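Take a look at this single chain, the form predicted alone, given in structure tokens.
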Amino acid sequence: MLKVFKYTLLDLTRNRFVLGYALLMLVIAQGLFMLEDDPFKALLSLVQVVMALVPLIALVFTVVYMYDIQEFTQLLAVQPIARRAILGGQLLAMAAALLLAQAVGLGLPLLVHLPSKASFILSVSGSGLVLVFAALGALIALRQREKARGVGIALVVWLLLVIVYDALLMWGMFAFSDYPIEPFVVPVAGLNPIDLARIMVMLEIDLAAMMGYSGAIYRNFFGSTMGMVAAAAIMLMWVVVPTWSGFRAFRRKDL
């Protein structure tokens, strides 16, 4: 697995998409901090960019790259190498490359302009989203033989989690505002890793009041130590379950 990881990572270092991702994040983050006099206002804008852009890039890149290295994967599969080692090395390399690009593009501007706990939470949440959507992208690519179909499904998943989910959540909270919805608000937040990451950052910036009634519920739960542990566990499950499903699909796949 380490050899597969090494050669895949070497290939990714020459990949223009990864380099472009690092440059794009660097330009956006640096630009926002330069445009705003108040670094916290820049951070708020950066949160919205990270929550929308990072999942899209991680998802689409992973799907496309998995199809692009299909011939190399087939070559490895006929060698005396366990399939779990092949996929494990490839996934680790893709995750490492994306995390490194994000550390340069997002982490450096945050460290320079606003070295705070809120910036740290944003960096950690963004890294969690990279891992989640890289795992989802690999699962989609392994289950779909056609590249165009795989990319299409990836875009639909992104749209559902970024746009449709928020619209349905707002509608549900308004429609059932006369009923006790407290027991359901927190579990529903766990259904979307993007929403969960956004909540953790917003609570750290102390914007729960601006989030209305739901913000008070989120602060009561996620503001505690147990809530933080629960959020981390949910995010970890979003990584583990798609990864495990991807290994199963790869083991059964006819290459």
Partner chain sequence: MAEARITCTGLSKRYDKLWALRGVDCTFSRGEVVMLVGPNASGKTTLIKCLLALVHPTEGRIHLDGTTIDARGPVPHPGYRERIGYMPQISQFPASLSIRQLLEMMADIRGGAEGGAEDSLVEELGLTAQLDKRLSTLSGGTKQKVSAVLALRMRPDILVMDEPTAGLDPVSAKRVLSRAAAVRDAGGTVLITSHLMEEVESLADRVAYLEDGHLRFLLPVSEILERTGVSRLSQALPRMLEANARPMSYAG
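Since the model is a prediction, treat every value here as computed from it, not as a measurement. Numbering follows the first chain given and starts at 1.
One more form of this protein should be noted, the form predicted together with the partner chain, which is absent from this view; the next part is about it.
Every residue in Q30, D37 and V112 with a non-hydrogen atom within 4.5 Å of the partner chain in the model of the complex?
Result no, not one residue of the spot touches the partner chain.
Would you please decide whether A233 lies within 4.5 angstroms of the partner chain in the model of the complex, comparing each non-hydrogen atom pair?
No, A233 stays farther than 4.5 Å from the partner chain in the model of the complex.
Though only this chain appears here, would F72 touch the partner chain in the model of the complex if you measure heavy atom gaps against 4.5 Å?
Within the cut-off, so yes.
Is there a non-hydrogen atom of V78 within 4.5 angstroms of a non-hydrogen atom of the partner chain in the model of the complex?
Residue-level check for V78: yes, a contact with the partner chain.
Using heavy atoms and a 4.5 Å limit, would one call L159 a contact residue for the partner chain in the model of the complex?
Taking the distances in the model of the complex, the answer for L159 is no, it never comes within 4.5 Å of the partner chain.
For the chain shown here without its partner, which stretch in 126-134, 150-158, 94-102, 81-89 has non-hydrogen atoms within 4.5 angstroms of the partner chain in the model of the complex?
Heavy-atom contact with the partner occurs in 81-89.
Does any residue in 12-31 get within 4.5 Å of the partner chain in the model of the complex, counting heavy atoms only, and if so which ones?
Sequence-ordered list has one entry, R14.
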